[in-house]
Structure formats: C-alpha cells, structure tokens
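One chain comes next, on its own, written out as structure tokens in the form predicted on its own.
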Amino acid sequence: MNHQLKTINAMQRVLVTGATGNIGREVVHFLLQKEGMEVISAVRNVEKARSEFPVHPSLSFRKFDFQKTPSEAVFDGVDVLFLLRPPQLADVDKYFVPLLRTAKKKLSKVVFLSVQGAEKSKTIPHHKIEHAIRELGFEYIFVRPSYFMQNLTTTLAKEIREERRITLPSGKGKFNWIDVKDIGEATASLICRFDEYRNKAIEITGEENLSFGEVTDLMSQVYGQPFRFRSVNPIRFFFMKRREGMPSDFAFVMTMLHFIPRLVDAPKISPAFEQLLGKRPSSLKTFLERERKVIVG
C-alpha cells in the first residue's frame, strides 16, 4: 500500500489544452508513452473527446473552453500546464492573460507552444503570451517550432486540392519545415524533463529551409503533376482572407507569419530535436509521401 501511494504521489499531472487539435493530440499521444505521467485533456466536449482517444489508465478529461475564463477547478491537482494558442484567437489580453492568472493560483509550471522567432516578432500573439507568462512569475519552457508541414493539409489544403496552387504573401522567403508529430514528441520529452529545461526557449526545427516556390516544385516531383506558387501583396492577401470569411485577427496573424520571412534571413536550423530524441526530424518529402491521399486525393 505504501509503495502504491508513493507511485501515485510521483505521478506528474499534465493538463493539455487543445488536446483534440493537431499538436495537442500528438502531445497527449507521446506523453502517454512516458512512465509517471498522468494526462488530463482539456476539451470543450468531454464525451466527444472520449470517443476520439483510446482508453488509457493515465488519461482523463476536463471541460475547458479557450473563449471562457476557466474556473480554478480546471487546474486542480495539475503540475504542468501545456498551453497552445488556437489560430483564431489573437487577443492575448482577452483570452490568455485571464486564463494564466487563474492557472497561477493552482500551478507554477507552463510549457507554451510558441513559434520560432517569437522573441523578435512583437506583432504576433505568441510574443505577448510569452511576455505574460514571464510577468506572472511562472516557471516555463517555451517550445518554438518552425513552420508546420501540416499547414499543407489544413490551412492551405483547400486551394492545394482544388487549384493545385498555394497563394501567400511570402515571395521567396525561406521557411523551415517541421512535422507536427516531431513537435509533439519533442514537447512531451521537454515536459518530462522540465527541471532540466526550466526557463528556457527551445527551438524545434526540421533540417530544410525552403521557399513556397521550392515546396510546390517538390510537390510536383513527388506527385507527378504540376503545382504552383503565387505570391501576392500582403495587403491584398489580408483582404482576400477577409472576403473568404476569415476573422480579422486570424487574417492579420496569417498575413504576418507568411510575410515576415521575406524581410529576414533564412531561419536558424536547431539541433534541439536530435539532442532531445537521438534521431533526425522528418523530411518534407517523407511527409508529402505519407500524406499523399490527404493532399491530392
């Protein structure tokens, strides 16, 4: 009995926000493979979420909605908060500062999914959330991944499938490409090794810096059919997205994330993924081959 109590006390409870999304799902998946980790998935619809995850003795669910300030009870018994920003929510003062203030009453550790270059890009929400986490006195790890390969299968997918085209304000700007599965695995490792990486920002990148023109060339090669890239003025792009019904905040962030790389040097390629996991991150070609059905049908 004493041994069991010690085991229970040794469990680290991690509350994972965005647990049913691309990255949150991967973080949950890899955390459940770690010993001594108890995962609490924070979701809007608990019953629906239960049906989407395999039954696991270390997995539970709590009701949580980013658009409503959570009660303190959401964070009861939590050791580490894994926080991400849903793409459609850009107002940090409205959504994230109240959340963090409530969480601070119950816990002291936050692992935040930021973005590569957040420390320099003061216009994007990630920079402001990092600042709020520091200001509120949390112990933290900022996970700063580069550009998600999965944007090709989510945000950009409709145009790719229907037009075999990608339209963005990114010109010849270089993006570093990382698989969300690799981000999830690296993040789970960082959560488990929190004390080792406490109060650090860790960049998780792939090994390739490619412009969207180079990406569509690679897609043409992999799929044996022509894909093309069209670069447009950032103001024009913003209003294109607004006409499509995208909220202003989301359209602005999407515009800036794809325009800023035109103005800066190619992203830094970080060795952190290989140092954490002892293997190399996935290549974009491997991702394209794996996601063939999703991208080209």
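Start at 1 with the first residue shown and count on from there. The model shown is predicted, which means the values in this text are computed figures rather than measured ones.
This next part talks about the form predicted together with a small molecule, which is not shown.
Peer 1: Can you tell me if Q221 lies within 4.5 angstroms of the small molecule in the predicted bound form, counting non-hydrogen atoms only?
Peer 2: It does not: once the small molecule is placed as it appears in the predicted bound form, Q221 has no heavy atom within 4.5 Å of it.
Peer 1: Using 4.5 Å between non-hydrogen atoms, is G77 touching the small molecule in the predicted bound form?
Peer 2: No, G77 is distant from the partner.
Peer 1: Are any of the heavy atoms in S51 no more than 4.5 Å from a heavy atom of the small molecule in the predicted bound form?
Peer 2: No, S51 sits far enough from the small molecule in the predicted bound form that none of its heavy atoms falls within 4.5 Å.
Peer 1: Check whether L84 has any heavy atom within 4.5 Å of a heavy atom of the small molecule in the predicted bound form, and answer yes or no.
Peer 2: Yes.
Peer 1: Within 4.5 Å of the small molecule in the predicted bound form: all of G18, V115 and H126, by heavy atom?
Peer 2: Yes, the whole trio is in contact, each within 4.5 Å by some heavy atom.
Peer 1: To test your reading of this chain, name the stretch in 61-69, 260-268, 233-241, 29-37 whose heavy atoms come within 4.5 Å of the small molecule in the predicted bound form.
Peer 2: Careful reading of the contacts points to 61-69.
Peer 1: Scan T102, S108, S121, Q88 and let me know which has any heavy atom within 4.5 Å of the small molecule in the predicted bound form.
Peer 2: Result of the distance check: Q88.
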